[in-house]
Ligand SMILES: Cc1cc2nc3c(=O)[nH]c(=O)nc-3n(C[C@H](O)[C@H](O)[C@H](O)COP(=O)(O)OP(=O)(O)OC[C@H]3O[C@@H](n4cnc5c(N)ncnc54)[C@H](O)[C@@H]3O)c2cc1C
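Here you get one chain, nothing else, as C-alpha cells; it is the form predicted alone.
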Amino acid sequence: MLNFDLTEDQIQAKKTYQQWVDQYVVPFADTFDEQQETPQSLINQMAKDGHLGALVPVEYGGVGLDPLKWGLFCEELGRSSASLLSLVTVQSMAIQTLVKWGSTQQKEKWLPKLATGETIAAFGLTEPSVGSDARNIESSAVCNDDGNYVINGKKRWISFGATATLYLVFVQLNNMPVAFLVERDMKGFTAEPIKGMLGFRSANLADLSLQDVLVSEDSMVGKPGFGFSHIAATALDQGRYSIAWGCVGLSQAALEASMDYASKRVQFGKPLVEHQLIQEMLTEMIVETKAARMLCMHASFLKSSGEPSLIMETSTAKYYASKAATKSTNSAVQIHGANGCSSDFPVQRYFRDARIMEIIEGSSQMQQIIIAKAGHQEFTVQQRERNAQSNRG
C-alpha cells in the first residue's frame, strides 16, 4: 500500500498555490472567459513568480519543481481557470521535451528563457484534417541545398498559439515524423487567433500557418523518425499529467460551488443540501474527485521514481479525472438549476471547460486504446510468469 500523505513542505506549497490563484485568477476568470483572452499582464505575473519555468532544472535558472508539487500547482490552476492551466501545460510540454531530447545548444539557448517567461512556448501537433491520428500529419519539411529545412503546413487548435514566441512543430520529413523549433518572427509563419470556442475560451487559441518557413538543422529536436515515438510521446505524457491534475481541480471547484449553493438555496422549505437526491449528487462528486486525486497521486509517485508503467498510469489518471470533471460539472449545473446556465455563476464555465478536458492531450477514446493495450500486455506478462512458476513447480 502506497503512502500518499503530503509532507509539511508539500502542504505549504499547496497553500501558496491556493493563495496565488485566489489572488490573481479566481476573481477574474469569468471576465477572461467572456473576453476570450488571457491578458499579458497575468502571463507576466506568472513569469515573475516563477510559475512558467517551474519545471526548468535549477542549472538553467528554473525552479526544478518535483512532480507532486507540479501536480498540486496544476490542481489549483484547474480549480481557478482551465484556460490558464493550458498555458503552463504547453509550456511544461516544451520544457520537458527539451530537457529530455534537446541538444546542449538548444537547452542552453531556450531553457533559461522558458524559465523566466521571456519565451512562451506552444505545442504544434494537431492539424485541420488530422485529429487523433497524429502519426499521419500532413505538414512537411524538405531539406534544401544549404542543409536547412523548408517547412509548409497548418496547425489548428493550438493553446496559447496566439501568444507564444516559440513553437514545437511536428512535420513529415521523407515520410518520417520530425520535430522542429519554430520561432514566431520567422518569415512565412503566422498565427491567427480562434474565438467562439465552447470551452477554454481564454486559452489564446490560434491556427498556425507555415509557408516556406526556413529553419536550420540546429532547430531539429532529436533525430528524423523520432518525432512521434519519442518527442511527441514525451510531450503528451507531460501534458496528460498536467491536465489530469487540472481536472481534479476543476472537479473540486464544481463541488465547492455546489456545496455553497446547496447550503444557501432553499426549496420546499429547506436548504437543497438537505434533500436526499441532492445529497446523492454531492456524494458522487466527492467520491469521484477523491478517486481522481488518488490516481494522480499514484502517477506522481511513479513519475518521481521513474517507473516504466508511468505512461499507462498517467493515461489512466487523465482518463478518469477528465470524466470525473465532466460528471461533477454536469451535476453542478443541475444543482444550480437555471442559475447554472447563467454567466452569473462560474459552474457554466466549469461545465464547458470540462468537455474540452476529455478531448485535449488525447481524447478519452484514445486513452481507452492506450490503457487497454497496456493492460493486455501486463496481463500477458503475468500469465507467462505464472505458467513459468507452475512448470518449475
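One-based numbering along the sequence shown. Nothing here was measured: the structure is a model prediction, and the numbers come from that model.
The next section is about a form of this same protein that is not shown, the form predicted in complex with the ligand.
A.B. asks: Check residue 54 for me: does it contact the ligand in the model of the complex (non-hydrogen atoms, 4.5 angstroms)?
C.D. replies: Heavy-atom contact with the ligand at 4.5 Å: absent for residue 54.
A.B. asks: Does the ligand get within 4.5 angstroms of any non-hydrogen atom of residue 44 in the model of the complex?
C.D. replies: Taking the distances in the model of the complex, the answer for residue 44 is no, it never comes within 4.5 Å of the ligand.
A.B. asks: Using a 4.5 Å heavy atom cut-off, state whether residue 26 contacts the ligand in the model of the complex.
C.D. replies: Flag for residue 26 set to no.
A.B. asks: Hey, in the model of the complex, is residue 80 touching the ligand, heavy atoms inside 4.5 Å?
C.D. replies: Judged by the heavy-atom cut-off of 4.5 Å, residue 80 is well away from the ligand in the model of the complex.
A.B. asks: Given the stretches 112 to 120, 215 to 223, 178 to 186, 199 to 207, which is the single one in contact with the ligand in the model of the complex, using a heavy atom cutoff of 4.5 Å?
C.D. replies: Result for this chain: 199 to 207.
A.B. asks: Which one of 74, 231, 299, 90 is close to the ligand in the model of the complex, taking close to mean a heavy atom within 4.5 Å?
C.D. replies: Contact residue from the list: 90.
A.B. asks: Would you mind picking the one in 343, 31, 365, 40 that has a heavy atom within 4.5 Å of the ligand in the model of the complex?
C.D. replies: Only one option qualifies, and that one is 365.
A.B. asks: Hey, with the ligand in the model of the complex, do 249, 288 and 320 all fall inside the 4.5 Å heavy atom range?
C.D. replies: Not a single residue of the candidate spot has a heavy atom within 4.5 Å of the ligand in the model of the complex.
A.B. asks: Within 4.5 Å of the ligand in the model of the complex, which residues of 150 to 171 have a heavy atom? Give them in sequence order, or say none.
C.D. replies: Residues within 4.5 Å: 156, 157, 158, 159.
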